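Next up is one chain by itself, shown in structure tokens, the form predicted alone.
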Amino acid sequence: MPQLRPNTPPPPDYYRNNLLRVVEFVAHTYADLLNPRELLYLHSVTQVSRDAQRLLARLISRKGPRIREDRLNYTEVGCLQTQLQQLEQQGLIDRNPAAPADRLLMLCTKDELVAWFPGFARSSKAVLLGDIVTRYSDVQLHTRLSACLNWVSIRQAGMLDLLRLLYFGDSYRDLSAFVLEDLGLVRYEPYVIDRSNRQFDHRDDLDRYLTLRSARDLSHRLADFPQLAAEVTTQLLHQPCETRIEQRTRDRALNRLGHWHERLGELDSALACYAGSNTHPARERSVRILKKTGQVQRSECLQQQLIEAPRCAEEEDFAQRFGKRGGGVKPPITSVRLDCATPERIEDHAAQLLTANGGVALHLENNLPLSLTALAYWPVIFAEVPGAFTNPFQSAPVDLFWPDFARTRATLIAEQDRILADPLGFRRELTSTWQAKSDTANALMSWRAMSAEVLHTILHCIPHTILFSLVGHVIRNLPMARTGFPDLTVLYGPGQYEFVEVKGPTDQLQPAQRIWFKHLTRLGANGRVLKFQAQAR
């Protein structure tokens, strides 16, 4: 039963309860990893009064970091000033804290600035802010504004960041995640969340990850602070990694830094970054740089390693094609001359042509392989793997699209394969899962696209051998399988189908699309490109 109803105020303790749910989970699950200061913070949240907790939950959800007190108006919070004073005494908020002058002035409206800082020419707010900051020091502005209004900010904002990480598995989601479920808009798969499945087992693991994450965040800011590049590169290359999440964080940051150095022509630094990463496209970029700088033998040697032991489908495709004009698999192409201007929705035009004599053309794109894989391997996706599920609001395990997802679940996948290898078992598994899990959140599943009727038609028209091989490929290559599948799945009857990529006059196949056609060819599946040519003049 949904706890919330649209256009209806939530229960008085709704936001408070959600906050306590996060705090109590972290306290129970990670108490042995937290230091005294962090434990004190959790204790402080639980010890303040109910109204103070209600206010704190509301403040956390507000856009900060500074919030005007006169804009705090919550019917469930009694005596606002008393609760603010209590939160301040417990070290949970600061009242009227110092801040850069321009940030404080942003709290004011233009009319307030004119009234509180007379003598300036009336102009736009931006110009007025600039004039005021030029005339007054930060201390003077803080004094003057404190006499006119009061503001608050969350103290120890880093603790909130840590709470989000330990509860949600990242620092991007917040308490609003509860709202979608409580409105009844999302239903999540039930899975075990306890200390045995937590993401971090030791404080050293947590600290190393936080250090890596800090370096990763800095790697996103090199455009503004290019002087950080050398220091961040050195830190990442020498930072040890002992867990999968650490390795993934470092690899992605090193790839980003490698790209940064490459763009600037700092190719030795780029190669060093790529050499430290185990994630695509590190080795591809290294091959290209080595070839570009005349180190042909090293480039060819590394390219051969990619051919013999590719880490992913993208690497394999690149290694087979690089340096070879026209290399790689070329899908069948059917050219059709347009008898009019290029239609706005070229896929719809293609669907009409393909089904002119019967059949149905489904514009599913990647929803076809991903949704079928979700239904086929549901128990694998939501299996109890340490660190995979950290909170009740996940539509997938944390590592769903990590390169080693399938490797860590190889035994589970093999067990599910035995069920799916039988045509009747395959059909039964997919249809029963659709019925049991309908509308349950799964990052691979599109319930809107994969209706019961669409699923039935697919199972009726596409041979089991093709579907079984298709989903088996996807579950083992999820990072690649997210993009590039042909636009249209055209179903004509039992055993009669084709996967059709539609291209307009100026469109070309993308790397991910070439990779998919290569696999479809290996499967013996019916696939082609429908290429429209421009209208004859």
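The structure displayed is predicted, hence computed values, not measured ones. Think of the rigid core as the biggest set of C-alphas that the two forms share within 1.5 Å after superposition. One-based numbering along the sequence shown.
Below: the form predicted together with the DNA, not depicted.
K.L.:
Using heavy atoms only and a 4.5 Å cut-off, determine which of Gln227, Gln435, Thr134, Ser124 is in contact with the DNA in the predicted complex.
P.N.:
Here the answer is residue option Ser124.
K.L.:
Please tell me which of Phe117, Phe426, Tyr74, Phe178 lies within 4.5 Å of the DNA in the predicted complex, judged by heavy atoms.
P.N.:
Of the candidates Phe117, Phe426, Tyr74, Phe178, Tyr74 is the one lying within 4.5 Å of the DNA in the predicted complex.
K.L.:
Does the DNA come within 4.5 Å of a heavy atom in each of Asn7, Pro10 and Thr109 in the predicted complex?
P.N.:
All of them do, each having a heavy atom within 4.5 Å of the partner.
K.L.:
Among 33-41, 489-497, 56-64, 469-477, which stretch has residues whose heavy atoms lie within 4.5 Å of the DNA in the predicted complex?
P.N.:
Of the stretches listed, the one contacting the partner is 56-64.
K.L.:
Would you classify Asp70 as touching the DNA in the predicted complex, given a 4.5 Å non-hydrogen atom cut-off?
P.N.:
Output for Asp70 is no: heavy atoms all beyond 4.5 Å of the DNA.
K.L.:
So in the predicted complex, does any heavy atom of Cys79 sit within 4.5 Å of the DNA?
P.N.:
Output for Cys79 is no: heavy atoms all beyond 4.5 Å of the DNA.
K.L.:
Would you check, heavy atoms only and a 4.5 Å threshold, whether Val360 touches the DNA in the predicted complex?
P.N.:
So Val360 does not count as contacting the DNA.
K.L.:
I'd like to know if Thr46 sits close to the DNA in the predicted complex, meaning any non-hydrogen atom pair within 4.5 angstroms.
P.N.:
Close contact is absent here: in the predicted complex, Thr46 is far from the DNA, nothing within 4.5 Å, heavy atoms only.
K.L.:
Let me know which residues along 268-300 have a heavy atom within 4.5 Å of the DNA in the predicted complex, or say none if there are none.
P.N.:
The stretch touches the partner through Arg285, Arg288.
K.L.:
Superposing on the rigid core, I want to see if Ser176 changes position between the shown form and the other one - specifically a Cα shift of 2 Å or more.
P.N.:
For Ser176, whose C-alpha is compared between the shown form and the other one after core superposition, the shift is less than 2 Å.
K.L.:
Take the rigid core as the frame of reference and indicate whether the C-alpha of Leu509 shifts by 2 Å or more between the shown form and the other one.
P.N.:
Where the cores coincide, Leu509 still shows a C-alpha shift between the shown form and the other one that is 2 Å or more.
K.L.:
Quick one: once the rigid core is lined up, does Ala52 have its C-alpha move by 2 Å or more between the shown form and the other one?
P.N.:
Stays below the 2 Å threshold, so no.
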